[in-house]
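Below sits a lone chain in structure tokens, taken as the form predicted on its own.
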Amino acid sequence: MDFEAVIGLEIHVELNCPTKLFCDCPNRPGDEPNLNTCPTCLWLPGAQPRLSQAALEKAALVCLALDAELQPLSAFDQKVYYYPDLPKGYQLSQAHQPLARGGGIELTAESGSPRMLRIHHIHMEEDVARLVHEMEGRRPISLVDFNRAGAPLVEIVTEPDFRSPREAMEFVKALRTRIRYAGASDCSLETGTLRVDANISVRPRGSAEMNTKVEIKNMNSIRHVGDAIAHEIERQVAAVQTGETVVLHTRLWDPEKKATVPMRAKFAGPCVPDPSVPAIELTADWRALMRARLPEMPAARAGRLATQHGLTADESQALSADPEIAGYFEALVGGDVAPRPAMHWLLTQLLPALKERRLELGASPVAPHRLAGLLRMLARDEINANAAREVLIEMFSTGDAPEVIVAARGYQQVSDPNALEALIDQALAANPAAVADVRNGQGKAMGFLIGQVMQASGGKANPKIIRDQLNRKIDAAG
């Protein structure tokens, strides 16, 4: 029997607000334990929560970036359950009247046709505290850090529209890009500001039934999302084929074992309206104001870059996949730098150099105007590509302008044919076999001869001039 998967995602996004959702404590979960706390986020009896306006605005931008419809009226509920990271016994969330409904992301399916992956709703909620598990002597202990308690979250709940790990991975990538464009979160799976849970069930292909689902948690990379879903599909199919009953529960992804492992039984506590936080009424004017604040989204930016700079669809999409990359590119080509070389050097030289040094583009020591200066020197044949790569490396370590580095290191390109003639003659005389191969149409032989002249010039010769001179001399001697 052929099976298909039915997959839905629950995605938590931590909003990059300066304070927590219901109090004025700093929203910095990584600080020293229990430093950023007050009676409200410690959930002490009698403390009164006050909804953050900044969090509401950021949450609204997330909803609009995902084409969800902001609701005129939403409200908080008490999601009742007890766990050591939630000692008050309930979490403030929006179970019954969420902030937004609908929305979705259209992606290209594996068949090549467009496919809309729908969102059911988006709601706000407070984060819980963090448990820290340590060893005291030989006895394990668990401590609670309340710095994260009350951090502002939105949860994006999708429809069960996904049928493959690839669809889930591509959806998370696209969602992350849109939210980053909205400026609401850095959406990092590695640091936990983006957390993905997947609900997975399997059924005979072509069936419309919805079978028992299993929830998967603890996926801290896009690749882990795909691997965990793929493994769970295989596990459930094997279970069904052997007559085993699939039981509703939560599992964790273990990247070392490359397997999902049982975590706990799935329990859904009651959700009751919360009397302490007033309902949220969003007027039509306020919703229009938030929509006006939404910046240009990735697809629109990719289309504009393609039209404005003569790039292909793939090139403009690669640049628009991250708002920082797109912004850097637009700053780079703001003057007289050609778009295609700018794109090439940004994607294939600067970004890999940053990754090697574990730096983000926003912290790059090579500012757009510095890289633009280097590309202008390259376009004017003042330096060659090999020298430009060396200059870029030195710009990382010294912070100097490219003109300064070129002058100090003697990287200036030699483009005077008269200055190169002796080196070209030497290469021709020393390599008669390569000369014969060039006459016979073997392109590799020409590359070899150019390399010999480049080596003799200390890498400073202009390869275009070398090629022209070699061709002229070989033709004249032939």
Partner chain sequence: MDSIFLHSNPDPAPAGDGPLRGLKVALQPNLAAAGWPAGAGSRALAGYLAPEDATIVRRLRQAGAMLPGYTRMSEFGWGLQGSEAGRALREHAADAELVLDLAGESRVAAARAGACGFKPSYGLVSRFGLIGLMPSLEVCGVLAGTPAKIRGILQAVAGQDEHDFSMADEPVPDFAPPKTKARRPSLGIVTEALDLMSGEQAQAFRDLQGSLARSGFIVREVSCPDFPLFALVHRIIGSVEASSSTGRYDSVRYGPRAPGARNWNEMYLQSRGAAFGPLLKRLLFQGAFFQFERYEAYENACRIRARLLAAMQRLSAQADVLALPAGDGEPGGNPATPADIWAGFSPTLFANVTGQPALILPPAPDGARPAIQLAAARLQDARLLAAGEELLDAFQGDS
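Positions refer to the first chain, counted from 1. Treat the numbers as computed from the prediction; the structure is a model and nothing was measured.
FYI, the form predicted in complex with its partner chain isn't displayed, but the following is about it.
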Taking any heavy atom pair closer than or equal to 4.5 Å as contact, tell me whether residue 42 reaches its partner chain in the model of the complex. yes
Residue-level question: is residue 78 within 4.5 Å of its partner chain in the model of the complex, judged on heavy atoms? yes
How about residue 90: is it within 4.5 Å of its partner chain in the model of the complex, going by heavy atoms? yes
In the model of the complex, is there a heavy atom of its partner chain that lies within 4.5 Å of any heavy atom of residue 361, even though the partner is absent here? no
Of the residues 33, 447, 49, 417, which one places a heavy atom within 4.5 Å of its partner chain in the model of the complex? 49
Its partner chain in the model of the complex has a heavy atom of only one listed residue within 4.5 Å, and of 282, 144, 331, 297 that residue is 144
Counting only non-hydrogen atoms, choose the one of 227-235, 79-87, 315-323, 378-386 that falls within 4.5 Å of its partner chain in the model of the complex. 79-87
Note that its partner chain is not shown here; using its position in the model of the complex, name the residues of 270-294 with a heavy atom within 4.5 Å of it, in sequence order. 270, 271, 272, 273, 275, 276, 278
